[in-house]
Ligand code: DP6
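Form predicted alone, single chain, as structure tokens, below.
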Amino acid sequence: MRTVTCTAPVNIAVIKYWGKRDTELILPTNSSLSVTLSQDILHSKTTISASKEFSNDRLWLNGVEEDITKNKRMHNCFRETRAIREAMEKKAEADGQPIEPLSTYPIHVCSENNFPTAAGLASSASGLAALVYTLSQLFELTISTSELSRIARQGSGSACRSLFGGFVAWEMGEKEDGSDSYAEQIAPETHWPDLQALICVVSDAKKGTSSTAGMQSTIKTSLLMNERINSIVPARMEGMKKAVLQKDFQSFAELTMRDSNQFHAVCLDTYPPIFYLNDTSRAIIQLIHEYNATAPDGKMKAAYTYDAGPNAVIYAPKENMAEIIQLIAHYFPSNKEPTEFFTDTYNTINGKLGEDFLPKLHDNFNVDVIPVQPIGSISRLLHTKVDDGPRVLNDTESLLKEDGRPKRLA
């Protein structure tokens, strides 16, 4: 039996992917660009074992066995990686140096997220990226990460971006077979160490409209969508690449917020409309704009973005993060223990959470921009940073026992 365990990160898009021009191959209607966040905070972990002793392919997700035959997207990833391994085996045999026929062995897959699934926190992206990357390590595939991203794309569109660290573009491509629709790294995680992120978990409940259903409904019914696809996103992609390469936070922040707003505008323009944001989400938007408006030099200090869910991701330079955390904690109080409410990975806060914010803000800050929200409006704050792509773990981290069955079941 051969076993490999890997983790893959969450990525949060600053230029959003929304809509497929081909639902089978998962080819997008527009290019997108994302930031890969630290796996120390959010990740998917996958262990895969291959053995000729197994009777059939099996899959466990978060401790529950799933019918692997009914998961077409996952099956696509198995099929593509096995085909590459099979070609490698045939070539090795032809060269007189045969390798183990892993492509013929049944496999057992066990995968876990350390955060809620289907809650708008990009769980499908990290989950499918972890699956494909682990398969590539298991089968010892000798292909580039961009080539591997084309396989991950067929599992979950955004998963192709989670195969890289740093700043990642998913180029939509033009070819019908999807061969030119892949992800590539724009800049590594070491490029802009000053940029950090604060995730405000507004709700970890499963969202009412899935991303897959939502984007196809938008494509069919939104009159604004064509304008976004054809006239707006191409220029924004170029602008965002330039902002990242130049570490220009002002351009990065404005493009990020504008694109998030417009993505949710086309959701609202969908018929019937799709509401991913809630009152807490909108209050965070108001607060960040007020915070930016009071900067003495007129420069923006933070930027929000929302994927298909109510949870905010706030990007900001490292020097601003302490006061942003205090600002959010003041207006969105919690009755949880501070360590349970706020994951302070980088020892950002010295004083009491939520109290030390007013003295550091500009005199013109309007403390009444929003009322202090009901306790528990935000369930968790996660302070994180731009970080690396998938990681290979050692054998002690395996989710499977020596017999190929999960160590933990729900």
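Nothing here was measured: the structure is a model prediction, and the numbers come from that model. From 1 onward, residues are counted along the sequence shown.
The discussion below concerns the form predicted together with this ligand, not included here.
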Exercise for the section: Please check if T294 has a heavy atom lying within 4.5 Å of any heavy atom of this ligand in the predicted bound form. Expected result: no
Exercise for the section: May I ask you to state whether F263 is within 4.5 Å of this ligand in the predicted bound form, using heavy atom distances? Expected result: yes
Exercise for the section: Classify G157 as contacting or not contacting this ligand in the predicted bound form by the rule of any non-hydrogen atom within 4.5 angstroms, answering yes or no. Expected result: yes
Handout entry: Non-hydrogen atom contact K401 with this ligand in the predicted bound form at 4.5 angstroms
Key = no
Practice task
Report yes if all three of M1, K45 and R391 come within 4.5 Å of this ligand in the predicted bound form by some heavy atom, otherwise no.
Solution key: no
Practice task
Could you tell me which one of M225, A283, A308, M300 places a heavy atom within 4.5 Å of this ligand in the predicted bound form?
Solution key: A308
Fill in the blank from the handout: Contact with this ligand in the predicted bound form, heavy atom within 4.5 Å, among S124, T270, Q326, Q185 goes to S124
Handout entry: Interface segment, criterion being heavy atoms within 4.5 Å of this ligand in the predicted bound form, picked from 138-146, 334-342, 311-319, 207-215
Key = 207-215
